[in-house]
Ligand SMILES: NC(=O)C1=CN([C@@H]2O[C@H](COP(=O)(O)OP(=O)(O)OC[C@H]3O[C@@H](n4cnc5c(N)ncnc54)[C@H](OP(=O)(O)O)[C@@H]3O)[C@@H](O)[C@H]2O)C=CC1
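Single chain ahead, written as structure tokens, the form predicted on its own.
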């Protein structure tokens, strides 16, 4: 039975979670934003407020809408606070066991008719759905980063996803004024299946000494008309996320062309994860980013 989606729970107040909460609230949905850390929740609300203010400054939103949007987002420190949500979207770290634990913990507090979605960028929707009590009401909704600016959402059905769930998910994404692309439930879906091997190949190009960080990024910006170079993009995505997606591709498709570059592994081992840790293929601690190789 289809339910009207009015209240949306978002699990995870990081970059993706706060972006999803932002677009849901700006589109008129009531939002419960959940995270284990109150500091992360406060930081997320400040980020959303700042991003909404930028939209006002650009003329994309008026001040009354900004205030109404931020008022629709209620921080939630417990899963019990999500018990009356019509849809809950998990946007936690890209780690399968973490996601499965979240789903096993959240299901008992949700209404039986509530929909459940994952914002995973690479992990099997069928497998994640199997860790819930409602695989037929489970779907993959992969938002692009940064969510408020990016137009696309990949929609992925698991093997058990019912048609009603699929149609409700499509209606919901359209209500956010986003464009839907349908992907089959294969490792990394469409965008990351194509994008991350390109990023990984750029890292191999650096690793093998074919070019420096600057020359590789300049080549792809000006030679392929990409808005940012692949190594700059890797830092933006997070090198840990890049590695995780490449591992999913390598393990899921058993093809050596998806082997993560050893240099990517080394950077992640060093804790140099890109922008979020101030160092990756660039060092962000000074006035302007400087290549680290």
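As the structure is a computational prediction, the values presented were derived from the model and not from experiment. Positions refer to the first chain, counted from 1.
Separately, the form predicted together with the named molecule exists; it is not shown, and the next lines address it.
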*Okay, which stretch from 24-32, 65-73, 254-262, 235-243 lines the named molecule in the predicted complex, with non-hydrogen atoms inside 4.5 Å?*
235-243
_Which residue, 131, 181, 215, 98, is the contact with the named molecule in the predicted complex, using a 4.5 Å heavy atom cutoff?_
98
_Residue (of 93, 104, 83, 164) lying close to the named molecule in the predicted complex, criterion heavy atoms within 4.5 Å_ = 93
*Given the named molecule in the predicted complex, answer whether the residues 6, 115 and 117 all have a heavy atom inside 4.5 Å of it.*
no
*Any of the heavy atoms of residue 36 lying within 4.5 Å of the named molecule in the predicted complex?*
yes
*Hey, in the predicted complex, does residue 17 get a heavy atom within 4.5 angstroms of the named molecule?*
yes
_residue 250 within 4.5 Å of the named molecule in the predicted complex, heavy atoms_ = no
*Evaluate residue 266 for contact with the named molecule in the predicted complex, applying a 4.5 angstroms cut-off between non-hydrogen atoms, and reply yes or no.*
no
*Taking the named molecule in the predicted complex, which residues along 130-151 bring a heavy atom to within 4.5 Å of it?*
142, 143, 145
